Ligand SMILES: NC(=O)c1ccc[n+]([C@@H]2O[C@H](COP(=O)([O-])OP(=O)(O)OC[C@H]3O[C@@H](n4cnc5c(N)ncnc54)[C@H](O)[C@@H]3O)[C@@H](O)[C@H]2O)c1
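Shown here is one chain on its own, the form predicted alone, set out as structure tokens.
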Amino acid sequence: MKKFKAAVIGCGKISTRHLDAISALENVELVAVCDNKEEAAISTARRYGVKYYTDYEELFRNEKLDAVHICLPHYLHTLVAEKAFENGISVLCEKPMSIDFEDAVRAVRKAKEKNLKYSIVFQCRYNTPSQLVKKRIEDGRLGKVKCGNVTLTWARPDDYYDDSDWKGTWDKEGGGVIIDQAIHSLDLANWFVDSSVTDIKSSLHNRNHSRMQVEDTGEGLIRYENGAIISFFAMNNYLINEPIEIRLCCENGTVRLSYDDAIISYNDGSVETAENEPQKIVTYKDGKEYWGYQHAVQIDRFYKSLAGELPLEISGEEALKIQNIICSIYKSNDSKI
């Protein structure tokens, strides 16, 4: 069994999801971590017993890597991914692909030219409820999605942005609640519809955050070539993180879905339910509950695709679909934020 050599760039909070998963996989060896903040790089390297770097280009030169995990601020995602491709390294990157659509397209093109794997993390697709709904759409029991609604009401107070040197900015984060929080729910809805987008209308506002530039509230409508429509409302002005809700009206029934459970009510009166089952690959040392538990599943399947055992499910080409939607939401915004 080939053992792939991997590194993680960016030692912030989300990196533990990647580091713990890599460490648990028999076919992957974590060889190094990298962060431009040396203290973070050193402490993470000590925790996982690996080398550390503060310069990712030096990392690429010195280590014979098969894959790199990018856990950096949004604006660096495609920049570092393209450098990895130039060095013959496959990439698994945290969402979003980029803060710019054309940058994302260019990165996908470069990965293809180099015949390298490029995947973006959308771990919520691997939730048990998400998998059931997708299966029932594809096997025809639910039939095609006719319309849907995505709702997210979470809490991100001002100090959430004060603790970061890049969140809450247009040039580094690329937006607010849409690109950072609602992107997963919108990706699921788009995945369920599985059709080309024809039109997007949106309205974005900063209703309650005095110390950031970007939107904390967004709503809009997405139209699809197959006739489906998805409406959405997202805001992070709530006092708690309520479960996200996705509602779908399909040809043969309706769906109410969160990350934790799903209820499918069929037109014939029958009901099917699912609760999220934790993955069995690793027990995470820490992390936020709203990240879910399925990073390890996507990471495992990424390396199985490197080994030729599985197709790459959430490829760069696949991730361009939600990247296009997110960028179009910002472009179609009819407010003056």
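All residue numbers refer to positions in the sequence shown, first residue = 1. This structure is a prediction, so every number in the text was calculated from the model and none was measured.
Keep in mind that the form predicted together with the named molecule is missing from the display, and what follows is about it.
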**Message:** Exactly one residue in G176, G218, G148, P96 has a non-hydrogen atom within 4.5 Å of the named molecule in the model of the complex; which is it?
**Reply:** P96
**Asked** Among the candidate residues L76, I89, V214, I137, which is the single one with a non-hydrogen atom no more than 4.5 Å from the named molecule in the model of the complex?
**Response** L76
**Proximity to the named molecule in the model of the complex (heavy atom, within 4.5 Å), stretch among 180-188, 241-249, 138-146, 197-205** = 180-188
**Message:** Residue-level contact is defined here as any heavy atom of the residue lying within 4.5 Å of the named molecule in the model of the complex; does G10 satisfy this criterion?
**Reply:** yes
**Message:** Residue-level contact is defined here as any heavy atom of the residue lying within 4.5 Å of the named molecule in the model of the complex; does Q123 satisfy this criterion?
**Reply:** yes
**Request:** Evaluate R47 for contact with the named molecule in the model of the complex, applying a 4.5 angstroms cut-off between non-hydrogen atoms, and reply yes or no.
**Result:** no
**Asked** Is there any non-hydrogen atom of I222 lying within 4.5 Å of the named molecule in the model of the complex?
**Response** no
**Asked** At 4.5 angstroms, heavy atoms only, are D20, Y284 and Y303 all close to the named molecule in the model of the complex?
**Response** no
**Request:** Go through 272-297 residue by residue and record those having a heavy atom within 4.5 Å of the named molecule in the model of the complex; state none if no residue qualifies.
**Result:** W291, H295
